[in-house]
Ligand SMILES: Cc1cc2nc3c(=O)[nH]c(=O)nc-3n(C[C@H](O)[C@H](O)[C@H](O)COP(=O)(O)OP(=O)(O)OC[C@H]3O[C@@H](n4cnc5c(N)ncnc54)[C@H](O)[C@@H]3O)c2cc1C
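Just one chain follows, in the form predicted on its own, and it is written as structure tokens.
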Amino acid sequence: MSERIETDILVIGGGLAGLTLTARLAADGADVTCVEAGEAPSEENADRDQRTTATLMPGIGTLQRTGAWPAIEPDAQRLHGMRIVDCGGTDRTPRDETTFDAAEMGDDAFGWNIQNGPTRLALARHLATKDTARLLAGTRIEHWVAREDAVLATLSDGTRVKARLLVGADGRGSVVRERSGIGLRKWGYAQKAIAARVEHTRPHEGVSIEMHHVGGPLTFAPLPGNRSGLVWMNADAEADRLAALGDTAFLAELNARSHGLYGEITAAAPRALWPATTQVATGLTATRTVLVAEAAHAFPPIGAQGFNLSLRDVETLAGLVAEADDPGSEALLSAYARKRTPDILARTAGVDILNRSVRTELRPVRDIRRAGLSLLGTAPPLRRLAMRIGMGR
């Protein structure tokens, strides 16, 4: 006989956002079931994901409220500053820069750079200690009916689930979004991003660097020790060429492009390559259904905005659920959409404009961007305003 589960909230997707949401809701006392099509996080697979994620302090607050932060922190690196370097000239060398220092905001850090694989593992282990939360890995949602009073779902392993709210946290290709009839706007940039972890000879001192080259940004996000997470965006053909290089040739290209800002880069972990696209759902809710994170919005990795936007989805939904008698009510869903839609649209537009300005080969656009960066460097009030906006305050 198939298993039957009755739960408050059914979360589809056990990625970083889905596990964070599950733990955050459970911390407030909700009964939550998270369904993940892939394998459960483990010691064996935690290092397969080479990505790191710069998480700003509001988002760190969300991770702390899950209860899993003590297990996440040892693998994370505190971010004291962010340095943006313009390399948009004809010879691609640094020509202007500005540094955003957390101390200027009265803080000791903007946030932490977390490692995706170990963070998922820490969250999964934390969920295993909770009586009101469960992670069902290696299965997927097959069918469901969203009624006025509940969602009735059947999983691929035969498990039947009754929930009061269905959450789509199942990424860019969200099944929940598609089958709920929520539309999607999507566009690309003819770019790809390379992700890796690198080792370098010069200490990063807790400062990330985002270098704006023609073709796309080159970003280093600090990790414990003389290591950083790398995200390197280029036009498709150039990204494919770089990804196909052997380790020695790749390091030579990376050292040339980074201009020694971290000294010599001596090693790069296995590289991942994926297309840079932007997409945004045309709505955030359906009957007893809500979208969060990349099921609702996704864009290129610029300015530490993507996952932090997802964490604001998580925190907003958790706050509404904590105050509601019915987590899937029309009133709650309307409040979520009302609170999140303006932020999502504004951040999506902002990252889109910034990415287009960085990748362009048009000299006037590059010079305008350089002038703006120079202005931020010389005008502390504008710089502090930019920091507040960037952190979502």
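Numbering starts at 1 and follows the sequence shown. As the structure is a computational prediction, the values presented were derived from the model and not from experiment.
Another form, the form predicted in complex with the named molecule, is not on view; read the next lines as being about it.
- Within 4.5 Å of some heavy atom of the named molecule in the model of the complex lies at least one heavy atom of Gly38.
- Taking non-hydrogen atoms only, Thr53 approaches the named molecule to within 4.5 angstroms in the model of the complex.
- When the named molecule is considered in the model of the complex, Thr139 lines it closely, a heavy atom lying within 4.5 Å.
- Remark: Leu10 does not count among the residues lining the named molecule in the model of the complex, judged by a heavy atom distance of 4.5 Å or less.
- Of the listed positions (Val231, Val207, Ala281, Ala153), a single one reaches within 4.5 angstroms of the named molecule by any non-hydrogen atom in the model of the complex, namely Val231.
- None of Ala239, Met82, Ala195, Leu218 but one reaches within 4.5 angstroms of the named molecule in the model of the complex through a heavy atom, and that residue is Ala195.
- Contact annotation: the named molecule lies within 4.5 Å of heavy atoms from the stretch 44-52 in the model of the complex, the single such stretch among 22-30, 327-335, 347-355, 44-52.
- Residues Ala169, Asp170, Gly171, Val175 are the members of 150-184 with a non-hydrogen atom no more than 4.5 angstroms from the named molecule in the model of the complex.
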